[in-house]
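This document opens with one chain alone, in structure tokens, the form predicted on its own.
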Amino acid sequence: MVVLAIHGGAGGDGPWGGPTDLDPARIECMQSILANVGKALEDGKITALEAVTEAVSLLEDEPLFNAGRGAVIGADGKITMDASIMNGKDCSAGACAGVSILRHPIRLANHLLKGNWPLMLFGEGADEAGRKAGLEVVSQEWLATPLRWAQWKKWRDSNLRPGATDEDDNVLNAALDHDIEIGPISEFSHENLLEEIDGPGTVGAVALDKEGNLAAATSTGGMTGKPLGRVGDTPLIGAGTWADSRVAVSNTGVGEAYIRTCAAKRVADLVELANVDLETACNMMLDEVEPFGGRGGIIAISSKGEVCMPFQVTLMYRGTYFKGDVFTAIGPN
């Protein structure tokens, strides 16, 4: 049995208001990834590890997701990105944090996994390792988009909490009105700025291949307005990402809570030690992070082919490839 699941972040309060003008492009991206990567996985052309690497790389290339190009902007006006990957077959892993010049942080994480040591690199050291490995180097200007600059300016001017504007598509209208390609927005409409939208997002993928191997990968730009040096759960093995012989997990949400509870590893432990099914384990984990402010969601696959994608916020961009069929969704079904 072959399964691929991906997510593009979760967030929001209250009832879902339906898709935004930008959501069809996000759905089209997810459908393309699931169809192409899922088919290659089903045909045995790629392993689970290769599938999650490719899926997340493609999500990093979509400017409307918060990873790679289109990652959100920190308090200092700069983009830093985090990623991690884990191979369930042997529990090998790789991770990076504070990356600022690489097109695909997940490919650096994969490179570190294959090198065995060091498992994780941060900041300039991570960027330099990616450069030496021949990974594609890009500029901050290339990574930034009008949407992210607009969200950052709303965050700054309205004195909002970090992450409050991450899922606010309305702010793009100001950028489009001024025909801005890349860079800070000098003029900005304050219409539609009263609602705070809590949507710290990541992208991720989990896969089960024909040999029964599992893998997981996660990548993020963090939160709009995050303080310099802040690292969330995404690059931390056991918190944002986990894969072993039983389950593969990629989390999305408020990272500090996922770190405090070792949330991704918790799912695997619940499946093994509490002998519960995957869906129960995922929901138990979400209930455990909630008191710590860990609002968000999870995608997970078991070695039995079970797929779970629960979330406790307004929406989560998510999709699966299963038995040749592609499924995608945003809000509650």
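Given the structure is predicted, the values throughout are model-derived calculations rather than measurements. In case it trips you up, residue 1 is the first one in the sequence shown, and so on.
Form predicted in complex with another copy of the chain: not shown, discussed below.
**Q** So which stretch, 136 to 144, 102 to 110, 253 to 261, 207 to 215, is the one near another copy of the chain in the predicted complex (non-hydrogen atoms, 4.5 Å)?
**A** Looking at the other structure, the answer is 253 to 261.
**Q** Taking A97, P118 and L121 as a possible spot, do all three reach another copy of the chain in the predicted complex with a heavy atom inside 4.5 Å?
**A** Every residue of the spot touches another copy of the chain in the predicted complex.
**Q** Please pick, from R26, R295, R266, R69, the one residue with any non-hydrogen atom lying within 4.5 angstroms of another copy of the chain in the predicted complex.
**A** Contact with another copy of the chain in the predicted complex is made by R266 alone.
**Q** Select from the listed residues E272, E50, D61, E306 the one whose heavy atoms reach within 4.5 Å of another copy of the chain in the predicted complex.
**A** Contact check passes for E272.
**Q** Heavy atom to heavy atom, is V247 within 4.5 Å of another copy of the chain in the predicted complex?
**A** Although another copy of the chain is absent here, V247 would stay clear of it in the predicted complex, with no heavy atoms inside 4.5 Å.
**Q** Please determine whether G77 contacts another copy of the chain in the predicted complex, using a 4.5 Å cut-off between heavy atoms.
**A** Judged by the heavy-atom cut-off of 4.5 Å, G77 is well away from another copy of the chain in the predicted complex.
**Q** Please determine whether D157 contacts another copy of the chain in the predicted complex, using a 4.5 Å cut-off between heavy atoms.
**A** No.
**Q** Just to confirm, M86 within 4.5 Å of another copy of the chain in the predicted complex by heavy atoms?
**A** Close contact exists here: in the predicted complex, M86 approaches another copy of the chain to within 4.5 Å, heavy atoms only.
**Q** What residues of 233 to 259, in sequence order, lie within 4.5 Å of another copy of the chain in the predicted complex by heavy atom?
**A** Read in sequence order, the residues that approach another copy of the chain (within 4.5 Å, in the predicted complex) are L236, I237, G238, W242, E256, I259.
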